[in-house]
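For reference, the chain that follows is the form predicted alone, supplied as structure tokens.
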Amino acid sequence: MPHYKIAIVGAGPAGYFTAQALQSAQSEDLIFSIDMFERLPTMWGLVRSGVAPDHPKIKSVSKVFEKIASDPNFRLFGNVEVGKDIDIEEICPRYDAVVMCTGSSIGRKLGIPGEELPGSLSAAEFVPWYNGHPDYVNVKVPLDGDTAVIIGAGNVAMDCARILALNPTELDSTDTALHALAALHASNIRKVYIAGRRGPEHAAFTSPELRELPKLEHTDVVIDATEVHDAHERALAAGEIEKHTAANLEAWRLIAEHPRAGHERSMEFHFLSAPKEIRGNGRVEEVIFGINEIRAGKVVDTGETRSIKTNLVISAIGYHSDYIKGVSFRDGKVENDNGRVLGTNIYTVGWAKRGPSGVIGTNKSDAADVVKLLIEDLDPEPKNGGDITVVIPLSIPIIDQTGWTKINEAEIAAGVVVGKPRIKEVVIPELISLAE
């Protein structure tokens, strides 16, 4: 029976769902051995370093990942970076197919003056900072001012705003990284603005996220009722309102009508606000926004501006993929045709394939579609290119599934003592030590 070897690069949701799709496609006539490569000693990608710590239910998908990894034909190569420790040219000949599931980790730029000032961050830095990603432990997040500005109108922007606007005691029982939790407890920030270039009807927040906001115990959530009314009128004038938009507009109405409790902390939405410039002497001190309006369905700059004094600006306007040696990238993604990287035995799934869109579960259907193409393309005779371990440098401590299980169990055990789901280790040598 044909026994094919597949390499998956990236141990996030896209990688695990690709492995699951391959496992589900097996039959008496088709067997897959799967080798998964991850550059970090820790697995699960955005489930670990992207999902907000106050949303623990979303992280329960990790149980599915562990079941996938328990298959006897699954091998894990953690702490091995493709493009650096081993080249893609060394991987491809040894596998019948290689699936790039490396995500999008670089924040898109605003492209405005002052963006490089200290205190101007991307969500691609801030989110992994509070989630304990080893590469972002030392990010400087200025929390000495009383105001923060988040630029963007999607769920990542919402997460950033919520983490800053919550009373930090609400995060004490979560797996927020300890360094971030300490900084948030010392934070002076009491007002968080979220700014979107278009109107509320165009915002990419999901309605479940919006409906949670009035439930915040220590934070007033503010949006102008007139802004919500005008958005609803514009949506009606444009024709039949889509289900997603209707659900969001109803959520906005409930937020606008929710009585303010007079909390010290607040989260305030400003739409039709386009960032023009970040100003400051050696650090962020002010953001200038252009005021937009919508005419005939189009966003138009009125020429008017408003200013917000702040020491912290976080842009959450999207991501693009980091370059990997030997793989062709275009428009911030792996260059592909529906998941196929033409002229190679390489495929791609997830954000690396389609850009930063959808939720974690979107990767499941994406993986199923690409695996179907992959199987169609397989040669009748599997390759026999030899084992990959012979080209991985001996100096690299490989974190296999047993090692990752030790890390996971050690973090959970440390958390139990203090009433948390886990305490994340954020130093790579310490993580490697836990795996031994």
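When you see a residue number, it is the position in the sequence shown, counting from 1. This is a predicted model, so every value here is computed, not measured.
Below: the form predicted in complex with a small molecule, not depicted.
This chain lacks the partner; the member of L178, A204, C92, I308 within 4.5 angstroms of the small molecule in the predicted bound form by a non-hydrogen atom is A204. This chain is drawn without the small molecule; in the predicted bound form, the residue among G339, P275, G107, G114 with a heavy atom within 4.5 Å of it is P275. Residue contact check for I223: none of its heavy atoms lie within 4.5 Å of the small molecule in the predicted bound form. Contact annotation: G358 falls within 4.5 Å of the small molecule in the predicted bound form, judged by heavy atom distances. Interface residue remark: I396 is not counted as part of the site for the small molecule in the predicted bound form, having no heavy atom within 4.5 Å. A residue is said to contact a partner when one of its heavy atoms sits within 4.5 Å of a partner heavy atom; W351 meets this definition for the small molecule in the predicted bound form.
In short, of 183-191, 278-286, 223-231, 317-325 it is 317-325 that has heavy atoms within 4.5 Å of the small molecule in the predicted bound form.
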